[in-house]
Structure formats: C-alpha cells, structure tokens
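Okay, so here's just one chain, in structure tokens, the form predicted alone.
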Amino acid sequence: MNIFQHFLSVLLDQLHALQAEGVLGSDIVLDKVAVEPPRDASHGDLATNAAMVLSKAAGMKPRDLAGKISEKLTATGQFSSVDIAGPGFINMSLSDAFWQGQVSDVLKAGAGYGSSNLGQGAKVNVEYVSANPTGPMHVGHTRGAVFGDALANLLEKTGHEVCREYYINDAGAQVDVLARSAFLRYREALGQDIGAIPEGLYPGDYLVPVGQKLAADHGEALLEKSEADWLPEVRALSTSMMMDMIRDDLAALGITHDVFFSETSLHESGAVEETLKLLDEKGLIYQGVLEPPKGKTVEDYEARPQTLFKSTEFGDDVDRALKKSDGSWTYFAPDIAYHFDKYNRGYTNQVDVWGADHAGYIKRMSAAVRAVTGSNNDVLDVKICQLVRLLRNGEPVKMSKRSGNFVTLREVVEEVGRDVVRFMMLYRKNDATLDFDFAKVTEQSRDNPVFYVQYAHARICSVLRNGTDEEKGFAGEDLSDAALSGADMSKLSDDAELALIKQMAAFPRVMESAADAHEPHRIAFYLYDLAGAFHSLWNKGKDHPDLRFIVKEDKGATLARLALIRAAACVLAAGLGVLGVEPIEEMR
C-alpha cells in the first residue's frame, strides 16, 4: 500500500464532506491537493498543502481553512495528532499501532510488495542499448543497457505493459566499414599477410572469427569478386555475428530484449518514404537553404538547397535536413519512420535511452515525433546516460586487448560480477557522469553501496537461520512469512524499530515516483537508506542486549523482531529485483 495515496483518499473524503456542508464550494477542484512526507521528519509522518491551495477559492485564510480540515481529519480517528504549521500546512502523525501493522502487510504481500497498478496496463516501449552492430558492447553501452533494463522492470512492477526493444543500426556507412574490416580478416584467415589494420577500419580481434567463418564458407571465392559484389554478403554475415555477440554480452548482464528491430527493414519496406510523404502532406517538408552551423566560417560552409523538415515549428532550434547531397536519406529520416512505426504498433508512450553523444539530437527527434504522430501528449521521453569513467585505485583504465581501443562490457562483468556492475551503474542519476573504480566497487565497507545493501539482506538471512537454531534460538519454531505475520507487533516499540518500519513503508511511494519520473536510480538510493536503517538497528542491539533480534528469555519479542527483519528482507529483495541484482543470503 502506498500510504501517501491511501491518506490522500482519506483527506479527499473529508474535503468532499466540507463541500457537502458548504464550507467549500462544490465547484472547487481538488486536483492540486497532495499528501507527502514533511520536510522535517520531526513534524510528523504526513503533510498536506490542502489549506494552502484551496484557501483562495474557498474565500478563507489558509490557517482558518486548515483548522476546519484538521477537525475533520482528527474525527476520523486515524491519526495520533493533526497539527497546523506555518501559514497553513497540516502535519499528521500516525500511531505506533498503524506502523506496527505495516510489518504484517509487507509479509503478506511478499515479493509483490511495492507493486501497483499505477500504469493501468498502458503500453510503453523502452528502446535501449541500440549500439551499432560493429563490435562488442563497451562500458559506455553498459550503463544504458542496465538503465533501460531496470526502467523496464520498474514500469512492469507498477502496472505498465512494457516492450523491451533494440534498434539495429544495420544500414549506412558504419556497417560497410565493418564489412571491409571483416573482409581483411577473411584474407588473413586464408593465410595472407594483412599487416597493420589500416586507419578507419575496426582493429579489434573480435572480427577474427568472422573472417574464419567467411573463409570456411567461401574458400577463396570472394577474392575473385569486386567489392560491390562481396560487400552485401560480407556485411550480412558480419552484422549477424556481431548481433550474436552483442546478445551474449547483454546476457552476461542478465539483459534480454523482446524485439530487435532492423533499420534496413524500414528502407526495404518503403516505410521511410511513406512516413516522409505523410509529413509532406502536412506541409512540413520543403526545399530550402540552412544557415551555416554555429562555429563554421563562410569558407567552411557550402550553402545549397536541401530537403528540410520544419522542426522549428515543434520547438527545435533549426529545421533539419532529410537528404544528403548524393540524394540518399540522412540518418534522421529512418529514425522518424522508426518512431512512427512504434507509435503505429500502439506505443503512445516511448522511452529512448541514449548515450551522452546523442544529447544534441533530442530536440529534432522530439519535434519529429510530435509532427508525425499529431499527438498533443508527449509521446517520447529521451533519457541520456552520461559517460562512465573506469578507474583502478583512482587511475584511469582505457585500453582493452580484445577490442583494440576500449574496455568491453564482458571484461568488466567478468572482473567484478554482474550484480556489482548493475547496482553501481544505477547508483548515480543517469545524466551525471559516473566513476566506476574496480577497487572501490569490490570493497567490503559501507562506502561500497552494493556490498552495504547485499550485506543487509545476508545478515537478515543469517539471523533467521539462527532463529530456529537449538542453542541460539527456538528450535522447531515456524518462521515462515505466514507465521511471522501473526506475531505480536506491539512489541516493536523502540525508535530504531519504528524507523525501520517507516523506511519500509515508503517503498511503494518510491516505486511509483521512480516509475513516473523514469528514474530507476531512486530505487538504488532507497535501498541504501533501507539497509542503513537495518544496520543501525543491528548496531543498537549490540549496545543494548534487550534490543537484539533473538532474546531467549522473550519469545514474543523475538518473533516480532524476526518478523520485522524478514519484512525488511522482502523489501530489499523486491528493490534489488527491480535493479536486476540478486538478494544474496550469505556473504562469501
């Protein structure tokens, strides 16, 4: 249960009662009323702006209206106190009994705790990674891959119907460069001395197997053909083998996609022409001459008529070219067709996860989507994942033997493990640069967030095992979630115990706010705070033996505390599940 949504409903019921009594006009709109955590936790558990946002329409002073609302809320019997603060804010506190009851609610919900129907089944397309199929995934791709996958998990958990999609950029100059690079390895596989890899071709040894496959399939036959004849065949095999490698790299991170969409298919089906025809019919395509780009001198720039899209009509800085000087489409043209294709598949909510080098592309793509769909709503949300700086004890790590010029995703995962990579890629907001230090992310300390969170879950599992130990606990005791949910939770009265419960109870709201904002990093931050609340309670028990989780002389308190920490483990596991991280039961 999202307690803030629950008590918003309670508040709205009382506001409707005030409308029925004539205190508030029946035509007053209540959609700006909110119930949120107070800025200062010492002020209570909940706060509302109701009196502040409704006072003008009600013709009353905020504090006077707050008094009326407070009387109604107090009369419900659901609050231990209702106080007016400042110019008219209302702070509400809940009884210990309410918070103690949340432990049973978490245990009964189990793995489903934090899930909701916020999305009401709305279809969302999350397109992420979408790297050019020219080599293995590198560490920059890793961040976008983890972000997109966690966002898809988050949206699914909050009631959305999600499609995980990968857009294969298999048309254009880069895949031709890939084919030429593979052909060089083909010659090498046939025994030719190819010397140093020429400038402009891909140097990594990941293309050696492609060359070997070409040699096995064709022998020397390709050597007798012109480039125009062998290029399509080599390009097709190279792209296919690169995509197989990319899928394997992503699998190492626990990532799979529902759809792999080929850019080439847009060209072959005529979708690009059809989409641009639609824009033309709307009067949004014209022949014109663009001003020189900023930073270009007159000598650097050749003014010429171009086929342009009126992107400035939809918020872009300048209109955008759709055709190159040779008459072929720019990369922008098929991208418009691709997003229109997604829209026609029913995805009126689209999320694109891009790298930092694509930030300047957002305005034109957003403009094109608004133009081609004709939607008044924001169909497209672009999330930029900033750069990852790889470090080892503070020193930059740059090179990889396998790729030739970058560190691969697989190398990072193999060194520190999938869970570490996934958690740390999310333990910073996506649009901020991330430092990934191989030494620090494997430390066993509070300064290492993934260790700190996993250690909390493992510690809880250890305590629960001790709960049925003949010497340490109560042998034969049923410590199933069902049994623990029936414990006497009134035993949980210490401030640290209540603080842990309140932290757990915040999870459904964090899930919904993170899903609404498309920000899965909020879950990682939340889990660190939840782990901190648990570790604080653990440490308090070391100083005060009567607060330890297992007290042989007090079975009732023990069962309540085991219920509490088992509930915390459920929330930790649910949150880690969203991030794609395993909630381990024992630290090794």
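One-based numbering along the sequence shown. Quick caveat, the model's predicted, so the values are computed rather than measured.
Omitted from view is the form predicted in complex with the RNA, to which the following refers.
The RNA isn't shown here, but in the predicted complex, which of 250 to 258, 459 to 467, 224 to 232, 120 to 128 has heavy atoms within 4.5 Å of it?
Stretch 459 to 467 is the one.
Ok, N91, Q102, S366, T239: which has a heavy atom sitting within 4.5 Å of the RNA in the predicted complex?
Looking at the other structure, the residue within range turns out to be N91.
Proximity to the RNA in the predicted complex, single hit among R345, H358, K398, R392 (heavy atom within 4.5 Å):
Contact residue from the list: H358.
Even though the RNA is not shown here, does A196 get within 4.5 Å of it in the predicted complex, heavy atoms only?
No, no contact at 4.5 Å.
Please determine whether R428 contacts the RNA in the predicted complex, using a 4.5 Å cut-off between heavy atoms.
Output for R428 is yes: heavy atoms within 4.5 Å of the RNA.
Answer with yes or no whether G283 is in contact with the RNA in the predicted complex, where contact means some heavy atom within 4.5 Å.
No.
Can you work out whether Q192 and the RNA are in contact in the predicted complex, taking contact to mean some heavy atom pair no more than 4.5 Å apart?
Judged by the heavy-atom cut-off of 4.5 Å, Q192 is well away from the RNA in the predicted complex.
Across 34 to 63, which residues bring a heavy atom to within 4.5 Å of the RNA in the predicted complex?
Residues within 4.5 Å: E36, P37, P38, R39, H43, A47, N49, M52, V53, K56.
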